[in-house]
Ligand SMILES: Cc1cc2nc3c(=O)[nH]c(=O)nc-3n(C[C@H](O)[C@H](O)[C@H](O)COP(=O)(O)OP(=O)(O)OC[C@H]3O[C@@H](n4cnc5c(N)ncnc54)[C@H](O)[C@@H]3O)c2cc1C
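Single chain ahead, by itself, as structure tokens, in the form predicted alone.
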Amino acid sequence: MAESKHLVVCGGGILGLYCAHYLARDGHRVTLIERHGPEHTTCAEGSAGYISPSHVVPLAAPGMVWMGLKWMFNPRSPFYLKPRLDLDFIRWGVRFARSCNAAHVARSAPVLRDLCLASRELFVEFSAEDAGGFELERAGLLMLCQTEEALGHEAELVRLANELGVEAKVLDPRQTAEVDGSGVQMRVAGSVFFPIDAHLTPTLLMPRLRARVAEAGVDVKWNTELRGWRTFGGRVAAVQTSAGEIAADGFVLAGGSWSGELVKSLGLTLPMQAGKGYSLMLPAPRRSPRIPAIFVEKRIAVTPMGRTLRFGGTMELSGINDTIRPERVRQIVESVPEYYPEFGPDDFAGVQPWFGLRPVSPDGMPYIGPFAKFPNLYAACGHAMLGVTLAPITGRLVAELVGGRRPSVALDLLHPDRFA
């Protein structure tokens, strides 16, 4: 085992907790700081809970620039970019546009595949150790298409997925209903089925993960805000917090959408935009599908979680704010009957919407690894909609890097200095 070090993990969301878990498992002394308390609902806890090897295409893909421009002035659109005169947002947009090409997808898809498949195996391992306490289900994922046009586009992704070794198949409406097997009525032209995908209940996972890191001896400092850094000799020597300074051998940046701002004072460039997503949980749905689904045209995710049913989605780039836009929530509610005709607006009466801010890099790929300027500062952020999916493998990769071991997945496309 490598020499034991003291690591400070900055951020107590799912990425920070998994980094702390794997670092502690390697025998390191770990301190975790989080500006909220343990009762705070994290971005992961309001998510769809997907573990998605099917998601091999990054957000920055051909056609996304045109889609963003087309939907920019429609606040009900699935992908909404709020126009604003913000230099960071403009620079991010230029980099995003440059990344939306076929060559980027060809380079990135195999890396996302490897990350997702490795993370899925770690979830299976974690579930076995935890006696299945967070309802991990390996049921697959259905991409539901209302139009032949959407089904044709998804069929192209089937070809790419199969070439990468991720099984996928196109189903007609009858086959779609048979695969789901729940009897829920669906109004679709067909679907694409990914048998490899899985899902879990994140509101059960997160408390167990917090308990696991506490049992491992991680010193968790809740309600502790990161306020700055102290450097010495080309390394980060300490982090300055609301509870005082903490010196350590290494530091892990897992601050989600705030990560870019947190390292600006170090002279580091880490482009990030907060992608707001919403979700609604039905505590006692009239019917529930057996298999999670995505409404392709509307970009809405549906997840059965125990006896509950969650609907969520949309990507809103409007900056870091706590504003819940009613039209975004209505877009979800009004879309559900279009695919599941047994449901109606009354099913959502009284249901309080949740929102979370997903950290989105310009090329749709996460930041994982050390910064060149400060090699003892490791990035673990920018995972966008794959935060839950990629959390375990990110934690293991950070532990491998800290321990001087060869990373189990190639990190060339993920280094945090790629936009510097």
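Quick caveat, the model's predicted, so the values are computed rather than measured. For every residue, the number given is its place in the sequence shown, counted from 1.
Omitted here: the form predicted together with this ligand. The next part is about that form.
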Partner contact check in the model of the complex: of 56 to 64, 366 to 374, 23 to 31, 350 to 358, the stretch with a heavy atom within 4.5 Å of this ligand is 350 to 358
Practice prompt. Answer yes if any heavy atom of V398 is within 4.5 Å of a heavy atom of this ligand in the model of the complex; otherwise answer no.
Written response: no
Margin query: So in the model of the complex, is this ligand close enough to P304 to count as touching (4.5 Å, heavy atoms)?
Written below: no
Query raised in the report: Could you tell me if L226 has a non-hydrogen atom within 4.5 Å of this ligand in the model of the complex?
Result: yes
* Quick one: is P362 in contact with this ligand in the model of the complex, heavy atoms, 4.5 Å cut-off? -> no
